[in-house]
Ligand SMILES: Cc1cc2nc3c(=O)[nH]c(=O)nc-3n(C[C@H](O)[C@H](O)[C@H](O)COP(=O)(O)OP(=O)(O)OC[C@H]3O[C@@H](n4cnc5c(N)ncnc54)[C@H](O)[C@@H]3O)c2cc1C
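In structure tokens, the next block holds one chain alone, the form predicted alone.
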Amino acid sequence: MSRDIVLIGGGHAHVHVLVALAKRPRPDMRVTLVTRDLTTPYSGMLPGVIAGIYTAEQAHIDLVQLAAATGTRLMHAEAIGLDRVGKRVLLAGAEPVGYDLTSIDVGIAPSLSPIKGADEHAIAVKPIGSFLAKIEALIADCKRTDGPRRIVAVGGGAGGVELLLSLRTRLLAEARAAGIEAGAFSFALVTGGEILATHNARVRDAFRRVFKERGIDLRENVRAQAITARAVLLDSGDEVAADAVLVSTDAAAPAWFRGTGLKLDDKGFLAVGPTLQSVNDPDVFAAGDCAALIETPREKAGVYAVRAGPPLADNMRRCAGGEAPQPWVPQAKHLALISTGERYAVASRGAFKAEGAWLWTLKDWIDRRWMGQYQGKA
């Protein structure tokens, strides 16, 4: 009897599953990838793309090529639900696809509603798949003589920090090339807590120094209450002048999760146990930002999505063969290499901190090596 494994979404964990299952195939197992997007971005390299260090192609995995190389059936469609009784993945504008085991790795959606006016006046960083096109459009606008000049980022996590620093590097370089004075631009970051709150104090101080050296207005411990066409209004009563606002605060789970009957956490993400199976349906797995590890909660960071790939592939293969899945405990601390928008990075792990150009070189090597596994360059 054949076993149909259906992977929903082409996220960091699933690209590994495709390769891992192809390397150790089972004659009774068919793998299908259902994906809305035919390329998937690698989050670790996106700041480099924005800064102009990498091309977009270098930071994306071609899912059509990967599916062909791994013998995976590819369905170019958007999942909108699960019929768990009939064991079918429901698709927008297409017939459902049946599964014996399925896994969900679809990322997260923007959540702009807590900030009044954000839907109309801000650019959401999530989903990443459509963000780069918005950034390129913004850069093109900034090069106009009457284009945006005051750039504000809302969100003080690593994503928001790297985004603003990378965008500054790119914008100033392209502005100079277009004959626009760099001094015409201003940059600011607003965060409800401390900058890089999940990292140690030495890392935070390093980025405060970087912001000061580059003339970036850093507003910590204040929240953005509203965004207008010309400013970000803060809960302190102050406002920050803005022509373009980028929001990288917490995102939300896809709305269709609520109709699946799967157990969700208090924020709407798929609740999974140590085996990466849904806590109330062992035939459904999930990984990446859309999943919530109930017993071992971790922040939503690309490193955990990457590291979920091997145990996810192993457990799906085990379950397909009637074997017991094995628990996975992700490490509590991980090495983060946070770029400053140029070929320079700060390392952070627990109480450890280091910085230098050599760390960016290390990050570049790690990122290219990981991508090479899925771009045919390993």
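Quantities reported herein were computed from a predicted structural model and do not represent experimental measurements. Numbering starts at 1 and runs along the sequence shown.
As for the form predicted in complex with this ligand, it is not shown, yet the points below apply to it.
From the list 66-74, 320-328, 347-355, 28-36, the contact stretch for this ligand in the predicted complex under a 4.5 Å heavy atom rule is 28-36. Against this ligand in the predicted complex, the set Gly9, Ser43 and Lys126 is in full contact: each member has a heavy atom within 4.5 Å. Within this chain, Val152 is remote from the site of this ligand in the predicted complex, having no heavy atom within 4.5 Å. Proximity of Gly341 to this ligand in the predicted complex: non-hydrogen atoms within 4.5 Å are absent; the residue sits far from the partner. The closest heavy atom approach of Leu189 to this ligand in the predicted complex falls outside 4.5 Å.
In the predicted complex, this ligand sits within 4.5 Å of a heavy atom belonging to Ala13. Though this ligand is absent from this view, in the predicted complex it lies within 4.5 Å of a heavy atom of just one residue from Ala308, Ile195, Ala79, Val284, which is Ala79.
None of Ala301, Leu138, Ala118, Leu172 but one reaches within 4.5 angstroms of this ligand in the predicted complex through a heavy atom, and that residue is Ala301.
In the predicted complex, the residues of 102-118 lying within 4.5 Å of this ligand by at least one heavy atom are, in order, Asp105, Val106, Gly107.
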